[in-house]
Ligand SMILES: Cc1cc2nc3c(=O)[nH]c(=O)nc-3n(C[C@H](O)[C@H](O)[C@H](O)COP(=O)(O)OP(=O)(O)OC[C@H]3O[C@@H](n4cnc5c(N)ncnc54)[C@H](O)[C@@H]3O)c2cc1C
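Here's a solo chain for you in structure tokens, the form predicted alone.
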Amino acid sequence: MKTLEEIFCRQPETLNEALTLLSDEATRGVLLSGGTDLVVQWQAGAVPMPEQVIDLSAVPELKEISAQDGCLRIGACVTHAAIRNHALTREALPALVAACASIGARQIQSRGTLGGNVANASPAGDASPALLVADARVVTASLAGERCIPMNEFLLDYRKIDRHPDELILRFELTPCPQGGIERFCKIGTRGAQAISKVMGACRVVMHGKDIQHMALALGSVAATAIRLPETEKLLAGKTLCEELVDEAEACVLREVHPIADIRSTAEYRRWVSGRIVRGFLESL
């Protein structure tokens, strides 16, 4: 069996160099950014050891955070620590900042990347619910050009994403939380830190007094991919927040989600917790 030391690794220093490598089957390899998921999977034998790897960590275009055209742009190789600490993300995307701060230990946050977290396509990927409530778009690139894909369409199925073999994730484009808007993130795991989520959720809400003008809700670890909750969002939008509405919203979540069961949790527990997470978001407003 091939070892990590025997994998042929290329490290392009420009975006064009990386895309050129991906354009040819002879030089195409498994994409690696932080490696905090992939290397563990290879060592554990969960996925086959690749013949060659393209390490994207030296491509500067993939490591930028900027504001442009009314959206926040986060490069695929931006680390969780950089998102947690950057002034732009802390102001405009508090749920994503909270999600990134919950991923593993500080060492993992300093190496793991947003693109890697999403490309891994785990339903327990902590960043995905926060990206969904921010109406994130995934921009992929190849030598043929760029594609812009809504996050909810990019996540196709368990461990499956809408990325062509000659493409890489270039960046994420997110709508900043509106002035006066509120975001929340909640993660339920076996322990308080460094745990894979049993259920996690994010919300973005805009209130006028007690009236809910806009509500976005997303959950992870309850389906093959992270999901939005359109029925619960529809129930809440335009309503006045009160105890009865909170009860209705929790009941709606229980009807809307159809959780998975695995070694970390039962479907029944995940369904109950999903409702409690949404209740907690609403009671915090």
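In this text, residue numbers run from 1 along the sequence as written. Since we're looking at a predicted model, the values are computed, not measured.
FYI, the form predicted together with the named molecule isn't displayed, but the following is about it.
Chemist: Of the residues 186, 151, 174, 103, which one places a heavy atom within 4.5 Å of the named molecule in the predicted bound form?
Modeler: It is 103.
Chemist: Answer with one of 88, 196, 206, 81: the residue that has a non-hydrogen atom within 4.5 Å of the named molecule in the predicted bound form.
Modeler: So the residue touching the named molecule in the predicted bound form, by this definition, is 196.
Chemist: Pick from 125 to 133, 90 to 98, 208 to 216, 142 to 150: which stretch has non-hydrogen atoms within 4.5 Å of the named molecule in the predicted bound form?
Modeler: Partner-contacting stretch among the options: 125 to 133.
Chemist: Flag residue 38 as yes or no: does it have a non-hydrogen atom within 4.5 angstroms of any non-hydrogen atom of the named molecule in the predicted bound form?
Modeler: Heavy-atom contact with the named molecule at 4.5 Å: present for residue 38.
Chemist: Given that the partner is absent here, does residue 259 sit within 4.5 Å of the named molecule in the predicted bound form, heavy atoms only?
Modeler: No, no contact at 4.5 Å.
Chemist: Hey, in the predicted bound form, does residue 253 get a heavy atom within 4.5 angstroms of the named molecule?
Modeler: No, no contact at 4.5 Å.
Chemist: Would you check, heavy atoms only and a 4.5 Å threshold, whether residue 71 touches the named molecule in the predicted bound form?
Modeler: No, residue 71 sits far enough from the named molecule in the predicted bound form that none of its heavy atoms falls within 4.5 Å.
Chemist: Quick one: which residues from 97 to 126 get a non-hydrogen atom within 4.5 Å of the named molecule in the predicted bound form?
Modeler: Contacts from 97 to 126: 102, 103, 104, 108, 111, 112, 113, 115, 116, 117, 119, 120, 124, 125, 126.
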